[in-house]
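Just the one chain here, laid out as structure tokens, in the form predicted alone.
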Amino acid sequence: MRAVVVRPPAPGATVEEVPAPLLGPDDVHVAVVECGVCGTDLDIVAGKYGRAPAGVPYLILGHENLGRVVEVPPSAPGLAAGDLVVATVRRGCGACPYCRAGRSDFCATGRYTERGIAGAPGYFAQEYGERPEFLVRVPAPLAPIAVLLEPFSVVEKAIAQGEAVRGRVARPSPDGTGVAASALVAGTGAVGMLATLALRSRGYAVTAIDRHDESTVAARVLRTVGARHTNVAEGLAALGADRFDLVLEAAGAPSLAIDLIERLAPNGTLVLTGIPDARTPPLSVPAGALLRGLVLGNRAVVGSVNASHADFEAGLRDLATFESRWPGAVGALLTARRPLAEAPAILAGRDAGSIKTVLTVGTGAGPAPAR
């Protein structure tokens, strides 16, 4: 089959013919329909990280995915040939209590594998095999946007973590009805935009920041969903004196993350989802003032990565809500669809004008691999 492969830590990606997957007796055979290109993929192609499976000289790239079931083993009664599915990414270590409880997104040992990232083949390929418990069935009406479910699952978890911390204290109003919370989303890539939609649907007053003017697709979608867009190309001073109850960072820039702490309202929570380059030069920060503000303001900073099966299911429910409330808003985030053959060129650089580029593979599949 054709697949996009990398050989970490060497940079670069190629489309090659590789052996089709060998299916275990309990594996579902899935034909890939399309895959989203993520900043993680670009970092792996740049040689920053990534790990091939043991005993294999290459890694099949890609973790954002949408596929169609070709063949189902008897052990997967909830799935049928023709079903659309999205596969989760992380496979637990099997040893820590979190992984044993099905929450590999909280793995305590770090000895997990991640498809398309670390130690397990990804989805930039024509087909794959997967155990049914790692597949999420997608309703047909969501097919045009379902490739966004994997990154959206990360958003679902991040918001849940932020709201769990915010639950330490209710924000009252004089009449006892509560006050709408304010949120700041830093970054208007796919994760930031999906976070904005999710927070707006929950009733937050949302401000989203980036370094672009009002002519972008992101700015237009933000207006559609009733969020405020602010260009911070000249710095966060563009926000004036505003402070926020919940801040979700989706940019992966260390200096920005530090600055966002100062944008927290009293009792506010900052959730970090961006993954900075570990080789970023050290920063000089006013640590005393920063920590003093966190303590005296009851503020919190939380990191959030990956997602559970429940977060994928929550994402499906929210995507359906978005389609009903803001028709076309989610689809507008899919700014380019390109054939798999163009993957090496796409992965060689970042397109500043794109929110989400999708690689199209197809809907069919060859004969079922041998079990």
Ligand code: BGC
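Please read these numbers as outputs of a predicted model, since none were measured by experiment. So that there is no doubt, residue numbering starts at 1 and follows the sequence shown.
The next section is about a form of this same protein that is not shown, the form predicted together with beta-D-glucopyranose.
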Checklist outcome for this item: TL;DR on 54-62, 35-43, 316-324, 337-345: the one with heavy atoms within 4.5 Å of beta-D-glucopyranose in the predicted bound form is 35-43
Item to check | All of E156, V185 and V330 within 4.5 Å of beta-D-glucopyranose in the predicted bound form, heavy atom check | outcome: no
Checklist outcome for this item: Exactly one of E114, E71, E262, E163 comes within 4.5 Å of beta-D-glucopyranose in the predicted bound form through a heavy atom, and that residue is E114
Checklist entry - Among D83, D210, E150, E130, which has at least one heavy atom within 4.5 Å of beta-D-glucopyranose in the predicted bound form? => result E150
Next on the checklist: Is it the case that V89, even though its partner is missing from this view, gets within 4.5 Å of beta-D-glucopyranose in the predicted bound form, heavy atoms only?
Outcome noted: yes
Item to check | beta-D-glucopyranose contact at I275 in the predicted bound form, heavy atom, 4.5 Å | outcome: yes
Checklist entry - in the predicted bound form, does V305 have a heavy atom within 4.5 Å of beta-D-glucopyranose? => result yes
Checklist entry - Using a 4.5 Å cut-off on heavy atoms, what residues in 314-331 are near beta-D-glucopyranose in the predicted bound form? => result none
